[in-house]
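One chain comes next, on its own, written as structure tokens: the form predicted alone.
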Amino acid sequence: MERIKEDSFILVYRDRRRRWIVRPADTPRLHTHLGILDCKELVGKEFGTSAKTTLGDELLILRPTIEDMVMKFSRRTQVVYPKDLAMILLKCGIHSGSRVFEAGTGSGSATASMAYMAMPNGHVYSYDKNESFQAVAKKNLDRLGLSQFVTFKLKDAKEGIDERDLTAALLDLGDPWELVPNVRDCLEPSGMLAAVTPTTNQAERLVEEMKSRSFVMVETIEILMRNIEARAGMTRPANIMVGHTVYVTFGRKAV
């Protein structure tokens, strides 16, 4: 049974909107509007326990998941939402040992998720032209201890992709169709290409380019997610939902 250590990440949870992710070593005392939580006192205790603040408010101490972590990332760009990331990871079959190419590092949410699934035997190669974006992403992955599974390249992937025989590729940039020929060269036979686009026009142009380059099983999907307010005798859909974020296009390289 895992117990909390000084360098463990802990999710301090009150409700959906009031939650914090800290480490006792970095934040021995967590100051909140609910009072101060003594995080040092949590070391040695089990995850799932509760603790009271100086104002007597009770907080749950949980083990954060990769979703919790990436949604708390420092960011300079919009992140790929978990609902879309989960489908990308599943359909691309990213697992320990996978070697994955990414164009558009952004804040590193997709990078971290792919590295988390690919470790300890796989690797992610992330290209971006923007040095400031990659600097933020590197800090985010350093914090999670995932940097060793990622190679960051400050490079325009349109000028060429160095790696070969990769398991999958993820494109998150404004003109992904421009990268399809290079991605085809870097993927292994039957390798998966996934790309996120905010508009139908972009998705349409991408699909046509993928088909012209012998990608098969090409499909574009949109994932909508709505929470359900489940209460005895009063269950109903939530008034607010995560609607359109991106269209996600998938295809497989045919020889």
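Since the structure is predicted, the reported quantities are computational estimates derived from the model, not experimental observations. In case it trips you up, residue 1 is the first one in the sequence shown, and so on.
One more form of this protein should be noted, the form predicted together with a further copy of the same chain, which is absent from this view; the next part is about it.
Contact with a further copy of the same chain, judged by heavy atoms within 4.5 Å in the predicted bound form, is confined among 100 to 108, 114 to 122, 135 to 143, 168 to 176 to 114 to 122. Screening Ala51, Ile223, Val43, Leu30 for any heavy atom within 4.5 Å of a further copy of the same chain in the predicted bound form leaves a single hit, Ile223.
Proximity of Leu34 to a further copy of the same chain in the predicted bound form falls outside the 4.5 Å heavy atom cutoff. With a 4.5 Å cutoff on heavy atoms, Asp68 counts as touching a further copy of the same chain in the predicted bound form. a further copy of the same chain in the predicted bound form comes within 4.5 Å of a heavy atom belonging to Ala86. Proximity of His95 to a further copy of the same chain in the predicted bound form: non-hydrogen atoms within 4.5 Å are present. The candidate spot formed by Leu60, Pro198 and Glu208 is fully in contact with a further copy of the same chain in the predicted bound form: every one of the three has a heavy atom within 4.5 Å. Although a further copy of the same chain is not shown here, in the predicted bound form the stretch 170 to 196 places heavy atoms of Glu188, Pro189, Ser190, Met192 within 4.5 Å of it, in sequence order.
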